[in-house]
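Quick setup: one chain, the form predicted alone, written in C-alpha cells, and binding and motion questions come after.
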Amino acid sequence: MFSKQKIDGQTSKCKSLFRGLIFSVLSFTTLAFSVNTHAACGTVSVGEMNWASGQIVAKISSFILREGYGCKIKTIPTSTVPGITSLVNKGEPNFIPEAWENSVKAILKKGESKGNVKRVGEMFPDAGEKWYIPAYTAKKHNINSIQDVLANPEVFADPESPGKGRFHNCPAGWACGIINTNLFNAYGMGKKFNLFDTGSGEGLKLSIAKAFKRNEAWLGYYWAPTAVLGKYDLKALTLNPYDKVGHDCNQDPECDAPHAGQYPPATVVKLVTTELANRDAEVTDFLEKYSIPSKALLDVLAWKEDQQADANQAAGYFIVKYEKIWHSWLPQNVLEKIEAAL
C-alpha cells in the first residue's frame, strides 16, 4: 500500500513526490490492471463530461468499477445534452455520474417514461448558480441577503463610479449574463449599483482572486462546483424564492417583467440505463452510494487548478486524501481488491 503523505507537505520535494504518487494511483493502474476484468460485470461505458468535475467523478468511478468489481471500462467523452440523449435513446453510455437535471428535464422524463433510464441518487449537494460575497465581508458588515446588499452599496464601491456599488456579471454572450441583468433590474439595483461585465470567464475569476488578495469586498455571480469555490470562502446571498415562470422570463433578453427571485435549485444526478441497473446488483449498490461531499470536491478542484494537474491526477488526489469517503461506499471484499491494486 502506498504512503498517505499529507497533501500540504512542508517542502517542494515532498509535494513533487506526492504529485508523482497521485499520478501513479490512477494512471498506472489504468495501464497495469485494466486487463484483470471479470465476465460478471461486463462492460460499463462511462460518460465523461467535458468539464473538470465531470471528468474527475468519471475517473474515480471508472477506477473503482474496474479494480473493485472487475468491470471492463469504456470511456465516452461527451457533454450534458448529447450524452444524456444518447443514454436515453441508444443506451450508450450506460452510466453518467454527473447529469445536471435542469438542462435535460424533457429527455430525462422521456427516458423514465420508457423505463430505460434510472436515477441512482445525487452526485453532490450544493451545486448551482448563486450570487456571492466574500465570507469576511458578510461577517464584517453583517450582510447575508440581497436586501442587506441594497442597504449597503458603499461596501461594494465601484472604483470607476464613486457613489455606486459594483456587481460582477457574467461575460456578454453567457446565458447567466442575461439572467443576472434581469435580476439586477428586478431588484431595482440600477440606482445604487453598476452592472460590470468582466469580459471573460477568466476575468470573472480574476476579479474574485484580486478581491481576496486585497481583502476587499466583492459582489457577483458564480457557480458550483468549481475550483473558485474551493479556493475562496464565498458566501451565497439569500435571494427571494425561485419562481419558474419568473425565471423563464429572466432567461429572455427581451423579458418585459423581470422577476426578483433566484436561480432554480440545481439537482446533479447519477444516471444509469435500466439494463445496467438490473445487470449487477453489487455494482448498482455502489453507484447508489457514490456521492462526494461538496467540501471534498471543491478541495479536489482547487488542488487540480493549483497543481495544473489532469483529471487522472485529481482523481488520484481524492483517492489518497479522502479514503474514509470512498471506503464508505464499498463492501470489504471490494475494498480488498482496490487496496491490492493500489
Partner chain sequence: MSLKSTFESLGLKEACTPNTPLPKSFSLEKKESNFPSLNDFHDACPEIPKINVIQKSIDTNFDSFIGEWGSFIENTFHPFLELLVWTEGLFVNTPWWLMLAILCAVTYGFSRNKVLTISVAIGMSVIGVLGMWNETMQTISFIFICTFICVLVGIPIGISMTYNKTVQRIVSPVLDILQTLPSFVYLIPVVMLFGVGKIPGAIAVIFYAVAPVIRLTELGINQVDKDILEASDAFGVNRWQKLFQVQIPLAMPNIMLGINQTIMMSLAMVVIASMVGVRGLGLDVLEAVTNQYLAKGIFSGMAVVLVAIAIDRVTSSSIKENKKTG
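Positions refer to the first chain, counted from 1. Owing to the predicted nature of the structure, the values given are computational and were not obtained by experimental measurement.
The form predicted in complex with its partner chain exists for this protein as well; it is not shown, and the discussion that follows is about that form.
- Contact with its partner chain in the model of the complex holds for all three of F196, S200 and L206, each having a heavy atom within 4.5 Å.
- Its partner chain in the model of the complex comes within 4.5 Å of no heavy atom belonging to N278.
- Using a 4.5 angstroms limit between non-hydrogen atoms, K244 is distant from its partner chain in the model of the complex.
- Remark: D256 does not count among the residues lining its partner chain in the model of the complex, judged by a heavy atom distance of 4.5 Å or less.
- In the model of the complex, its partner chain sits within 4.5 Å of a heavy atom of K210.
- Of the candidate stretches 167-175, 140-148, 98-106, 264-272, only 167-175 has residues with heavy atoms within 4.5 Å of its partner chain in the model of the complex.
- With contact defined as any non-hydrogen atom lying within 4.5 angstroms of its partner chain in the model of the complex, the contacting residues in 211-248 are K213, R214, E216, given in sequence order.
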